Structure formats: structure tokens, C-alpha cells
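As a starting point, one isolated chain is supplied in C-alpha cells, in the form predicted on its own.
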Amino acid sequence: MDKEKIDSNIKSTRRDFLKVTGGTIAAAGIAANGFLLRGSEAWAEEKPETWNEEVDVLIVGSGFAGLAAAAEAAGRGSKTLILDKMPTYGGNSIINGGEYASWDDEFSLRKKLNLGDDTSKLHMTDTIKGGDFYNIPALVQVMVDGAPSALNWMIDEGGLKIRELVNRAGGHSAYRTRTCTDGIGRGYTEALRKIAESKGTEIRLGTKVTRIWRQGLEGPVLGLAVENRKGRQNIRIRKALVLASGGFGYDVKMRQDFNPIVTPDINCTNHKGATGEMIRYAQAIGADTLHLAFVQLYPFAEPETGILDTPAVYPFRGPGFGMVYVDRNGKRYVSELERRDVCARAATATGSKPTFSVFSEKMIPLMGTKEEVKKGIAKGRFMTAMTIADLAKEMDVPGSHLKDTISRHNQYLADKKDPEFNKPVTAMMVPMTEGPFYAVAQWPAVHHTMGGLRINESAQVIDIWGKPIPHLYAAGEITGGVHGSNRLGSNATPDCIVFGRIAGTNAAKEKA
């Protein structure tokens, strides 16, 4: 049989397979291969009756990835529109901890602060090891290579300001985490919004997507069906659609469908719109997914509500400077420089909520600001005392245990060796010998979903047959493959922004 006939048979088989799984099986109420169906017809076979609006590049989601994509697309002359179902912009990005992992920056802060060497290769190695080697290396390479230039871009064009400090976060083998001066994600989202809107991007809030239109089962994406205060509308794309709507951390059913151990009683740091429907809509037109069972808990959330407030970020910033994690018995339970999944499991294994992070006055300038700590104390989030014994009373833990724990840890720093948990000890770690001392309560909460849509290095969405879906791109937490089984803290922001820029750039290059 000649090659032309073989190729024809393959295409015919593919169409027949999709029609069978998309129609006959669906009539029995089954969604096969991720296809969401209405009655007995696959969504991909339906067509909009009218188009109410037309833009060049249409973006779903107004967080890091969506704003970065819009800035690049609009900057290349494309009429660009961002849609977000929520009443305010920013999604999870605007409330994140304000951290950004990059092996360099235009100020050369790591070198200036004498924090040792770092490289793109080392950042990549840490990321892949932290993800248990489930990561797609080509995607990780794109992220780490693009992290410095994306950071510098926000500083130069968006007015982003970063603190003159660099943290070493759990799972990272170098001091590479930058913090914006705001101390929360708003510092980055405002910089990105400034760039995007200066290029002509429109951000439209309160607009819910109800489906993706695609031309048949193999053709290009055509646009979106949406609902807002004007009712139901169809928006057509001339060039491309970019999905940047985030993960599904707030969708309890979706979490449990893929990872039943993440039970409904576990709190969540996410905003309420992180419900993952855009993943399902993309599946409905043939998009492939991966790693959906990998759901990350943030080990240091506020114990009762699960929110990620400013005090909840200090336990993330502090390990590289000598912070100590203790349980309700005043004893260490994990290496403070372990990655997030290890810290979360260790906290849960203590069997007693909450756990605590302990630090001293000397560490505050290395992690944040005295003003942040004062506000945290006023809100009852930070506890403080002049002695470890008095701090133990505030924490309601045994004073003798806590004093012994801190004394031992101080000795470990002096010896440059941690025989209890084998934590790497560095010269930047400060012994806790002088008060005031501080503590903050913490407990794991659902934070990040590592899985999502499959993309390639160009941020194109890949279908279940391994081919790019024409005119469809994705970036950020809606995608999978970058972080593997476990995201290293502060890698999310460069992931979103680097791939957002790529998606927006390539979307603008599409022929209308």
C-alpha cells in the first residue's frame, strides 16, 4: 500500500474514532477521551449562528500569564482582549506571595549580596529534581532561560520594583528567589497590566466563557461563546486564542476526580474562580492533558482559613536564613529547606495542628520588612517575645522543648552540619541568640495544580494525537509539564510570565 493511501486511511480512522467516541458513546452519557458532549453530537461539530464581536488575539485569564500574553500580542499590533469571569482582575496571581525564581537579574543582586553562584543549568536541574523527573525538560529549559529577561522586562517597562534581597527557598540549591517590594503578587500584575494596557489591551471582567468554538475535529479554533451582563455572545478570533485561566485548586470535585487523597476538608489558598472549566472546554475540542493528579499543598497557610497572607509567606522566605519549623511539642519535624510536598506531609504527620515557624529580629531584613511584621502582630498572626521561653508560652508549646530545639539548631549552624535532618547549612543562616523572637502558625492548604493542558515550547496546545491545535495557545497554571509532580516555590511566576510572553508573541504572528 503506498504512503498516500496509508495517510488517507489514518485520517479516515481518526475521524471515525472521534465521531464514535464523540457521538455514539456520549449518547450513553459517557465523555470519552475528555470530550465534553451535548446530547449525541460532539461540540466540535457545532457552529455559532452569529458572531457578535471580532478581535485578533483573545485571552482568557487576567493573571500573570494572561497579562504577559496580552502585552506581547498588543505590542505587536494585534487587537487584544482579555476576558475574566471574576469581578476583579488578577486571579491567583494578584494574591500570590510576590516571589520570582531567576538565576540572574539586571542588578546582579546575588553577586552583589555575595550569595554564591547560580546558572540556568542549575535552576533547571533543581526544577526537574523537585518535580521527581516528571517534568518535560524542553519546557523547563524555556522557563529557566527566559526567567531573567522576563524579570528585567517588567522592571524596565512596567516599573516593577524588587527588594534588595534574594532568598533560598525549599528545593532550590541556590539563593535565586526575588521578592517584589509589595510583598505580594500585585507588584508583578500591576507592572504587567501597565505594559499591556499601554499597548492597547482591553481587560473585560465579569465575562464567563461557556465553550470554545473550533472548525470541525481537525480545523482551527474560531473563537469563544461567553456570558456577561449583555447576555450570551460569540467572540471570533482573527489570529489566536490564548488560555491563561489558571488551575483548578478551588474545584473540590475536580481535585478529587484526579487525586482523591486531597479531601474536601483541606483548605485552599486559591481565589474562588480557580475551578478549571477551561481545561475541560479545551478537552472538548481535542486537547490533551497531563499530570492532573499532581496537586500541591502549601505547607504554611493560615491554619484556620487557608489563606496566603503576608505572614504565611515568611515561612517560605526564611529557611535560607536560619528559620526553624517546630510542631506542637516545640520540636523540629523536617528540614526547613525541603521542598513543599515534603514539608506538607511532615506537618500532617505530626498529627497536631498547627505547626510553627520561629525566627529572630535579625532575620527580618533578610526576609521582609519590620512594617510587615508589625502589621502581622497587630492582626494576631505573628507572636513575639523577648525570650524563647516566653515565646513558647505565646505558642502554647513546652518551653523546655523549644529552648532545647533552638539551642541545638544554633549549634548545628556553628558546626555547619545538621545531624537531625541533614539540612544544607550556609553562611547566610543566622543563629537565634538574641531577641526579640517571633513565631507564626501554619498548616497545609491546596495551593497549586501542576497538571493541565499539554503544550510545546511555542506554547501551542497539543491535541490527543500529538499535533498542535491550530490557533490555540496556553500558558501558566492551566498547563502541565513544567513542574512535574511538585512545583518548587517561586517557579510559578516565571513559568506564567515566560510562557505568557511566548504565547502572546506567537499568537500575534498567526495569519488572520
Partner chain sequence: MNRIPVVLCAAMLLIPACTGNPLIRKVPPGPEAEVAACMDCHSNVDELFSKEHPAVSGDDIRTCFSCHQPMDPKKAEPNTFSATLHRAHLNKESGVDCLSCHSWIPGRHFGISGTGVDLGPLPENNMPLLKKTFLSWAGSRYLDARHAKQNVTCSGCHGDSLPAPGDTIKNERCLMCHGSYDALAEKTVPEIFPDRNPHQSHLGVIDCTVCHVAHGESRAYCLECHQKFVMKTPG
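All of these numbers come straight from a predicted model, not from anything done at the bench. Positions refer to the first chain, counted from 1.
Below, we refer to the form predicted together with the partner chain, which is not included among the displayed structures.
Please identify, from 224 to 232, 290 to 298, 408 to 416, 390 to 398, the stretch that has a heavy atom within 4.5 Å of the partner chain in the predicted complex.
Going through the listed ranges, the match is 224 to 232.
If we define contact as a non-hydrogen atom of the residue within 4.5 angstroms of the partner, is T305 a contact of the partner chain in the predicted complex?
Residue-level check for T305: yes, a contact with the partner chain.
Does the 4.5 Å heavy atom contact test between K379 and the partner chain in the predicted complex come out positive?
Looking in the predicted complex, residue contacts with the partner chain include K379, since a heavy atom lies within 4.5 Å.
Can R186 be called a contact residue for the partner chain in the predicted complex at 4.5 Å between heavy atoms?
Heavy-atom contact with the partner chain at 4.5 Å: present for R186.
K112: touches the partner chain in the predicted complex, heavy atom cutoff 4.5 angstroms
No - in the predicted complex, heavy atoms of K112 and the partner chain never come within 4.5 Å of each other.
Looking at S198, T433, T88, S352, which has any heavy atom no more than 4.5 Å from the partner chain in the predicted complex?
Partner contact (heavy atom, 4.5 Å) among the options: T88.
Tell me, which of K370, K253, K161, K272 has a heavy atom within 4.5 angstroms of the partner chain in the predicted complex?
Only one listed residue qualifies here, and that residue is K272.
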